[in-house]
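Here we start with a single chain on its own, the form predicted on its own, put down as structure tokens.
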């Protein structure tokens, strides 16, 4: 079996000495590093699906790190971004956080602060991807329900019994039991509490649409 790859850190800085020293530092905690000298090349070719984070220098020739950060936000890139600068200002710091930066550190970078920020960012990115994957699966299963099954699900989530749902929909309790069994199977749910926890928000969203 192939071992999973460790998280990947994209390191964008036009200074070769900085790239080399930070790449060596980051690799000491088991993270892979992809150094980039040119932010334009990074934007065109970096792996948007990888798990990890981005370390981005603010001052670079041609295009600033803050502009790159804005472009990443527009492209809905979800890897956390840690900004580095040797000449930081309050306005620059505020703009970076407003554009979604996870951290803003000044050069020369404190090694422990950078590594701590990277490890925190990677953990948060992994959790975010897991939540998004779970949400996609939940929506895919919900989409398999028939219109009648969605009606029954909405009434179950509202707290009605099979008899009450039957009266509301003008069908027999036995018919409701069949719909209930079918929707539990389609949603791959074993317990009522699990059904409410995972699907109540989707029912509300569907009702409001």
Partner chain sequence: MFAHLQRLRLWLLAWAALSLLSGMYIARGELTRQQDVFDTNARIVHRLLSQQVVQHDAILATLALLHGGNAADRPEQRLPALYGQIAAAAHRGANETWPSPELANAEAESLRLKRAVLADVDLQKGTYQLVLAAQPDSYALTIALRNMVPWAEWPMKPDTSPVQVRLDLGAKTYTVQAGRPFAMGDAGWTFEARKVLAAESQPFEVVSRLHVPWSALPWTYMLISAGTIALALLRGRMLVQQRTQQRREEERQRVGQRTRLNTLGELAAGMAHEINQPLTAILANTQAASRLLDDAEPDLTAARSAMQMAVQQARRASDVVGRLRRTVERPGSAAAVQSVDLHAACQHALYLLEPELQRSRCTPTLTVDGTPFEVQADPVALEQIIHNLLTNALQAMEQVPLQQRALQLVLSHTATHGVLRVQDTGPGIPPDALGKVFEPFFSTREGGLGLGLSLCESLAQGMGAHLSAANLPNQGAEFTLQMPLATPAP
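Residue numbers count along the first chain shown, from 1. Since the structure is predicted, the reported quantities are computational estimates derived from the model, not experimental observations.
Not on display, but discussed next: the form predicted together with its partner chain.
Across the proposed site, 22, 29 and 86 without exception bring a heavy atom within 4.5 Å of its partner chain in the predicted complex.
This chain is drawn without its partner chain; in the predicted complex, the residue among 137, 71, 115, 105 with a heavy atom within 4.5 Å of it is 115. Partner contacts here mean any heavy atom within 4.5 Å of its partner chain in the predicted complex, and among 75-83, 90-98, 127-135, 107-115 they occur only in 107-115. In the predicted complex, its partner chain lies within 4.5 Å of some heavy atom of residue 17. Residue 59 belongs to the set of residues with a heavy atom inside 4.5 Å of its partner chain in the predicted complex.
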